[in-house]
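Structure 1 and structure 2 below are the same protein chain in two forms, each given by itself as C-alpha cells.
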Structure 1
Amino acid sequence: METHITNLVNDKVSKIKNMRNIFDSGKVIRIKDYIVEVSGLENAMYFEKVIIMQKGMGYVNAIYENSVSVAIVKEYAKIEKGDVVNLTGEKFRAIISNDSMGRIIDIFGVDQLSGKPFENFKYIDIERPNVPIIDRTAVCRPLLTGIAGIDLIYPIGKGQRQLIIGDKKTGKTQIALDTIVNQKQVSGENGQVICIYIAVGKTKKEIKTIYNELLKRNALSYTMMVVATNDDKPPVLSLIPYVGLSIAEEYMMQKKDVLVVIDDLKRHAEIYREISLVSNKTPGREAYPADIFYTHSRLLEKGCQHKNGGSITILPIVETKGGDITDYISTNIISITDGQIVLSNKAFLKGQKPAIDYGVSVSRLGGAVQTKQIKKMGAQIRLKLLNYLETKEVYELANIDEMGAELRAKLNEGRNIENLLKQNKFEPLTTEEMLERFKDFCQ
C-alpha cells in the first residue's frame, strides 16, 4: 500500500518535472492575429523567448496578474486555443553568424540564399543600451558617396544620420546603393567600411534585385543584407532594424566604420502602428501610438562616432506621398537625423538625376565633415546654386533679353552648375574629379 502511494507521488512528481515546472508552462487562452494571451507562465520575464509547442515561437511583450501576452515571431502551424506554451528562461535574441558577410540573413540564423541555417552561429541582443554622450566624439570624417550633389553640397560624415526622403520611384534606394558601392574605393583609416543593408518589408523580388546589383559591382565582400520580407510576422519586421544596428554596434566596438541603410522607416512606422493597435494601445496623431517618435529616435541614436575610433553612419530611407515632407512621420524622422537628402519627382521626370531638391535638402554637419579643399568649393557652389534657384523663381516670367548682364550671367552660371551635378547611377566621382569638374566656379 505504502509503495503504491509512493509510486503515485513519484509518478506525479516526474510528470511535473517533465513539464519542467508548472510555472514555466501555460496554455493559449486568447488569439488576436499575432498577439496571443497565455495563462500561467508565472515566472515569465519581460521579453523572454517562449515556445508554442510544435507550432511556433514568440516573446513576452506584457505581463498581467494571471496571464502574459506573447508576440508571435514564427508560426509553423496554426496556433489554437489550448496550445501549450513553455518558457525558455532566456531573453529573446537574434541568431547571427560570423559568415554573414555577402549573404542575405534573417534574425533566426537562416541563410536566405541557401535556405539553410548557418552552422557557425551566435546569439546577439536585439537591442543594447545606447552609447552615452560622454563616450561620443565629434563627427568630422567624411563618408564619401561619390555623388557630387552630396559630397560637395550636403556632405555626410562618419557617424552621421542622413535621411533619404522622397516619393516612390525617385531613386532613394539607388543613392544608398551608390554609396555602398563607392565604399570599395575609399577605405579610410579604419580600413574597409562595413556596409549593412536592412530591408524592412521589401518584396523578395526587390531584395534579390538589390543583391544582384551589389554582386555585379563586387560590393558583397564588405556588405551584408539583413532582411525581413513582407510575409514575415509584423513583430519580426518591427525588430529587424534593431538587429541590424546591433550587428553594426559589434563592428563599431571593434573600431570599425559601419554604414547602415534602413529601407524604409515609413513602412516600419506603419508596421509598428499595426502592432500597437492590435495590442490595444491608444492611438494618437494619424493613429500612430504615442511612442512612435521614441521607436525611431532610439534606433537612429545608435548612429555615432565612438571615442574608440569606430563609427556607425545611418542612411534611413522614408517614402513620401505627393512630395510632402511635412507629414507626421517624415517630420519626426527629420527632427532626429542630422540632415536630409530630399528627392523630387518633378526633378526626376525632368531628367535631373540624382533628383536631389537642393532647396530643401540639408546637412547639419556640413563643412565639418569635408576636407579643406572640398569644403571651400562646396560652400561657394552651394551658395551660388541656392541663389540661382531663388532668383530663377522670381524672374521666371521675365524676358531674358531685357535682363541686366549681371543677372543673366548669374542665371547662366546657375544652370551650368545644375547640369554639372547630373550623374548617372553607379558612376561615382572621386574627390579629384569633383574638384576638376567645378573648378571654373570658384575663386
Structure 2
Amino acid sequence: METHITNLVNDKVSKIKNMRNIFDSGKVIRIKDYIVEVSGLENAMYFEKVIIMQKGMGYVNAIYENSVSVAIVKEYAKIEKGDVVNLTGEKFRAIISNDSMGRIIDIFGVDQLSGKPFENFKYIDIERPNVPIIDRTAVCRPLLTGIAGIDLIYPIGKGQRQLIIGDKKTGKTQIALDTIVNQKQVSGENGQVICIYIAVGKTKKEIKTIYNELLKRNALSYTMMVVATNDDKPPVLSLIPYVGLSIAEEYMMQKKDVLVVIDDLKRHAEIYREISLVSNKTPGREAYPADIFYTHSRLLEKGCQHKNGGSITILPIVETKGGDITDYISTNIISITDGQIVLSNKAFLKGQKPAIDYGVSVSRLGGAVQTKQIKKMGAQIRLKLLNYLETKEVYELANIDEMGAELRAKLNEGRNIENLLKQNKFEPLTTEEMLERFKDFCQ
C-alpha cells in the first residue's frame, strides 16, 4: 500500500517538474473581484481546476466564445492582468478525511481547529448525480427531535426535507442543534444517525460556539461540521452545501441514516446572486439569476430514503425579515421542501420557546412518520391547540369573567397545552415522556 502511494506521489512530482501536468495555458485579460477572465484556454472544461501560476487556484465557471471565466477559491498573491493560467485536466474537487468526524473541516481538507491539513485524506466530487426515483422508497420512519411541538404536531421523517424558517434570533439554529443532540439517545436499525452541520458564511466565533455546545453534550462522536466562514471567498461559500451533501451521500450508500443541517440557505442565495452579478449573468427577480431555483432544488433533492435502507434528512434554515415568509427565496424553498417549521418573533418575545408558529407551520408527511400512539395523541393535541390559538386571537382583550364556562374551559385547556409545549434548549423529551406529559388532554 505504501509503495503504491509513494509511486503515485513520485509520478505526480515528476509530471510537475517536467511541466507535463499542464494541459493548456492562457493569460488573465480581465479581473473583477474573485472572477477572472482568461483567454487562450481553448480546451477548458466546465468546472475544471485551474492554477494561476504561484498566485492562486480556481475553477472554470463559464465558457465564452474567445475566453473562459474562472472563479477564484484560493489566492496566495495579488492576481494581475497578464498572469499565466494553466489547466490541470482535472475536475475541481473537495478534499475530505475519514478522520473528520468530530472535527470542523473545510473543502480544502484542513482541520479548522488545528489549522493543519488532514494526513489521511481523499478527494470527493463536489456534486454528483442525484439518486434516481427508482432507487428511492417511501419516507415512513420518524427522525425524533426531542421537541414535543415538532415530534407530536409537525413530525420529521428520515429522508424528509423540513425547512426551519423565521426571523433573526428566534431560535432556528437551536432547533437544529437540539435535533443533533437528541440523536445521541435515539438509535435505529441502521445504528447511530450521522449528523453533518453545514455553516455558510458564519463567523469563526459562531462556529466555535456551536462546536463547544455540541462538545459539552457529547454529540461530536457522530457529528462533523463542514464550514465556509465569512473570511472565505464567495465561490467557496457557494460550494460548501454541495460538499456537505456529497459526504452525506457517501454515508447513505453505506446504509447509514444521515441528518444534514444547512445554516443558512438565504445567505447561500445572496452569495450565489453576488457571484452571478460579478460574472455578468442576466439578473431576474430581486436581482437573483434565473437558475436560483434550480441551484437549491438540485441541492435539496439529495434528501431521500434510499432503497438500501440508508437516508438523508435535510433541515435547511432560512432567515426572514419582519416575519415575511412570502419573499422570493423563502417561497422557492418552501415549494421544494416537505414542510416548514415557522418560528415567530412575537411568540419568542412572549417567552414561548421554541417559538414555533403552530398556525403556519406544516409537515406534508405528518402521521406517515409517527407511531400509532404518537399519531393519535398528536392529532388531538394539534386540533385543540389550533382551536385555542384561533379563539385566543379573537378574545385576547376580552374580560375572562364575562365568558361562558365552556369558552373559559377551552381557553384554560389550550393555555395548559401551550405551556407544556415550552422546552428549554438542550432538554429533549423521549417519546414516553411526551405521552406522559400530554395524556390528560387525550381521550
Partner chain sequence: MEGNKVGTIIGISDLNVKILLNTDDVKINDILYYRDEANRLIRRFEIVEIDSNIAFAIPFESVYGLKKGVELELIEGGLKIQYSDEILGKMFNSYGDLIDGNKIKVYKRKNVYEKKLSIKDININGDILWTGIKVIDFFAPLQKGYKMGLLGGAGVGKTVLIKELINNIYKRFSSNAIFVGVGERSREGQELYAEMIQSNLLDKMSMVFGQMGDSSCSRSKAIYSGLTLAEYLRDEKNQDVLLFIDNIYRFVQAKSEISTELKRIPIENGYPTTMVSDINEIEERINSTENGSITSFQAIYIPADDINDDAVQAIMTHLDGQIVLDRKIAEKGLYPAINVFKSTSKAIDPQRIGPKHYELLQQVLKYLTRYEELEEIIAVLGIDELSDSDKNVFYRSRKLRNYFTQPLFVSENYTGKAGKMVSIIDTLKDVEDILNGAYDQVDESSLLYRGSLNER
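Structure 1 provides the reference sequence; residues are numbered from 1 along it. Predicted model only: the values in this text are computed from it and were never measured. Rigid core: the largest C-alpha set superposing within 1.5 Å between the two forms.
K.L.:
Looking at both forms of the chain, which one is the form predicted alone?
P.N.:
Only structure 2 matches the form predicted alone.
K.L.:
Rigid core fitted, then: does Q54 show a CA shift of 2 angstroms or greater between structure 1 and structure 2?
P.N.:
No, the C-alpha moves less than 2 Å.
K.L.:
Supposing the core is put in the same place in both forms, how far has the CA of E65 shifted between structure 1 and structure 2, in Å?
P.N.:
Here the C-alpha difference is 2.9 Å.
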